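For this one, two forms of the same chain are given in structure tokens, first as structure 1 and then as structure 2.
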Structure 1
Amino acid sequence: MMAGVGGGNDFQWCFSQVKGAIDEDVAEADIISTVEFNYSGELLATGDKGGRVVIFQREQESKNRLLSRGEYNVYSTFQSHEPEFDYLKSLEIEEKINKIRWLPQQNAAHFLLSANDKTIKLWKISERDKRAEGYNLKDEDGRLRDPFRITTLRVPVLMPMDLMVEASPRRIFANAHTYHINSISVNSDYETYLSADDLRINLWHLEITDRSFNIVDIKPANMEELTEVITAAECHPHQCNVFVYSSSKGTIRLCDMRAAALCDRHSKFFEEPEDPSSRSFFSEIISSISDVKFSHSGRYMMTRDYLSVKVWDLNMENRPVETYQVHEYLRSKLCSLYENDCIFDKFECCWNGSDSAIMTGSYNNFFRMFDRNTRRDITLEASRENSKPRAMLKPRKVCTGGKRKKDEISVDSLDFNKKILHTAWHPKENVIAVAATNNLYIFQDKIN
């Protein structure tokens, strides 16, 4: 049996749950556009193209049902963004949720930031389990009392009631982005966060909505001279002054907010020299970075480009310390992937809790994991077949050579409409959430 990847111990990935409708024709609005665990892993949020946010809460583990370890159930669902129309520019603003970021928990309520193309909102998700009872002007059945017959005053009394979860918008951070927001990231000082669009990065205070500071602006005076755009940005997990942003040219810039108020000049520039032998028409497109993530330790960062995932040591700028091929077999298919626009898909990537493994998506509902210590990798599939509880996930293989072995799938029969762009890894345990179009799959480990 093939061992799973992630965390050192040998284990198998097992199916746990799947959320979302089974129907073959998928409503556009139901397509999941972002997945994110909160800091404790107890909550899992998804955003979709319909502007909705769904939050799942992990059930307390019950002793009599040993097999089902903490399933995730719907905790709260709310409409975060609505479609809008910018009358000045004659542009439709989609309601699609581009990113969700949780805030560290500060009291009994939970907070998250959600962003569509233009606007970021701060949401509070809170519980209420008491209700006030007793009115002066009406009796228990809601009938009005005669105002002249009020002889005593009643103060309402709070009585327990069924738990109610409420989501309320606390702040709306708008009008600061001319281009589409691709990233939001909360700073380790817990009072500021940054938001990035194609050409600019803004820094916000979480309590101030009417102004933000522009810290990076790569817009050229003449737009015809535009050669690269910002594709992702993230704050360092511990150092409040450091953030990185990646570009469509495959480079990453690290900036220090201590040095100056404007971060137009970077402190570090990460770039791998191009291999001239593999240069082609598509080189530039496939080197564009679609996601950048710091490791939890803050020592490394990971970038995803079209065909690979790279791990960089922050102390070494000239090349990545690790490179993993995600679906190298597509290199020969780039021409058709260009024609069907798949080459512009933005795959995200994530670390496991101990930074020892990484995960990212591919096509045909396949997703890939790489163990950084053993260098082993595995391809798994998010599919409804074999979705019995606790069923082990079979590793999948794509046939690259001439002859297809049993259990292998040939490159030509891959379904490019089924893509896994968004995945998330529980911050402490081997529980992963994988978004496959409108379905959210949750897998977890089973120790051998």
Structure 2
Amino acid sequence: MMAGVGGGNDFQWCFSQVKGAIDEDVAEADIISTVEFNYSGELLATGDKGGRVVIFQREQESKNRLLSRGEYNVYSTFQSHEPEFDYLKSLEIEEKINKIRWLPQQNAAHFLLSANDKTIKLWKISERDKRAEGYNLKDEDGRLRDPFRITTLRVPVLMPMDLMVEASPRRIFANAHTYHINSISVNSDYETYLSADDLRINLWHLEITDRSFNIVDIKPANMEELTEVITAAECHPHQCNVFVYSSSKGTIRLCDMRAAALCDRHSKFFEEPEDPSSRSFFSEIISSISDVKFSHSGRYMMTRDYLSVKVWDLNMENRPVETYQVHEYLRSKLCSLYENDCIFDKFECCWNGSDSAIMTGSYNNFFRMFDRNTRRDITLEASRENSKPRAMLKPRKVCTGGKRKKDEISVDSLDFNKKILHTAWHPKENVIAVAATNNLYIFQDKIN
């Protein structure tokens, strides 16, 4: 049980919806690669390995169904990226969507950025429910009329039609990244955004596609001297001059764009000293940070490494203020996880709307939540077995050794092919979206 986000009430999570096919054989293109709520939480976007973006819209709550909150239904689906080929380097460029980021809504249309390994696109999603009729120069079927046969002039009128949702690419930001893009982040000025690859971070203006400013470049003159890569980057939610980026060495650098145009010299450097007694062959791999997220307040940031989630106070660089173990029972399994490449999986993490709870994924379709106030944590499972509407989610426990209790699952029987890398939390409510391979699960709280 997690403490209620709005107050002291305890609540339990219950099943709301699941999207996606039930097939055992999952097509690679259908695997979800990113999940993101928009600023209001009314829209939820997913990207997949096939380059598609699917947007779900929350239905308006009906008066006679007070108990059930609006469900999310498909609003728009479009092909965002196509597979390409880099002829200079003889490399295929995957269509897989690495990241989606929404822009705040300014008018009736919605805008989002989607990125694959090399190219970022700005998409406009707009509705049309009227069409013009009564043209003078063309017939209703669209054929042009002979101007000499037009004897009267008509005033065209707008007629109602079935609602159409159109997605159109408004800007394409290309050719700025030599390496694979791992992050995009919209700045709090809502005019600029940054994009990061393994060695560089670029700053873009949303209106300008033919140039960007390189603000971080960690590429050494001799690539043999390369010791770390950039793994994630994010803009501060309130200060448009501040951003952070994390590295494969487990460090986080905070940079201030007011200090210099090229932010190679960081303003703050966050690193936890390593305990020499726990050092092993895998220490360097598991300390690599796979995700970094600022809290909504802007006071804290959260980082995810292979085994844990850490919360850092921006005013304290020498150690995190909170550390949560996600799946400590895997520490004894690192050798086999290295052999099957799972040790390189990149788990994301997210905050709830009030920064009082955090969520991240694990294996066996498990995901973890941590309450920052009570320090309680819970393991839940995204599974179709308990997919009746409003069915309570039962907490799961993993048994590490000794006698296994009835409800526990043995660490040896965890399925490492079922992994939850991508999760999202509604910005205002206790509604969460969890991507499990090709299925999107939506859960919500059930107030007792």
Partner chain sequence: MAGAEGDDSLYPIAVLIDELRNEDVQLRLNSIKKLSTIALALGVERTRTELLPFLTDTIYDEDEVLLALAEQLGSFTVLVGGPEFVHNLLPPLESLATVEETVVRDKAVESLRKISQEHSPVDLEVHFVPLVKRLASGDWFTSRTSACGLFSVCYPRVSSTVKAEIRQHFRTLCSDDTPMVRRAAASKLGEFAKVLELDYVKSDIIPLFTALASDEQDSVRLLAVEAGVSIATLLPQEDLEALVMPTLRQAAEDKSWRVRYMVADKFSELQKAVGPEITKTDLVPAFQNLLKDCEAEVRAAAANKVKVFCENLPEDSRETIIMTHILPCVKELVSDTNQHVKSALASVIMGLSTILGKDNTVEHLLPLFLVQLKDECPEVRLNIISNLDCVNEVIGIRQLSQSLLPAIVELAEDAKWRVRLAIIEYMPLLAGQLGVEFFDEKLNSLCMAWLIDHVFAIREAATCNLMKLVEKFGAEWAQNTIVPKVLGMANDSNYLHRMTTLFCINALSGVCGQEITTKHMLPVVLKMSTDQVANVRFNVARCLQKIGPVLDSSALQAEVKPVLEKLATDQDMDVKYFALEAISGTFPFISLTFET
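Quantities reported herein were computed from a predicted structural model and do not represent experimental measurements. Residue positions are counted from 1 along structure 1's sequence. What we label the rigid core is the largest C-alpha set whose atoms superpose within 1.5 Å from one form to the other.
Enquirer: Of the two forms I pasted, which one is the form predicted in complex with the partner chain: 1 or 2?
Expert: Between the two, the form predicted in complex with the partner chain is shown as structure 1, not structure 2.
Enquirer: Aligned on the rigid core, do the two forms place the Cα of Leu88 2 Å or more apart, comparing between structures 1 and 2?
Expert: Shift at Leu88: below 2 Å after core fit.
Enquirer: Kindly check if the Cα atom of Pro104 is displaced 2 angstroms or more between structures 1 and 2 relative to the superposed rigid core.
Expert: Stays below the 2 Å threshold, so no.
Enquirer: With both forms fit on the core, is the shift of the CA atom of Ala260 between structures 1 and 2 2 Å or larger?
Expert: No, shifts by less than 2 Å.
Enquirer: After superposing on the rigid core, how many Å does the CA of Leu153 move between structures 1 and 2?
Expert: Leu153 is displaced by 2.5 Å at its C-alpha.
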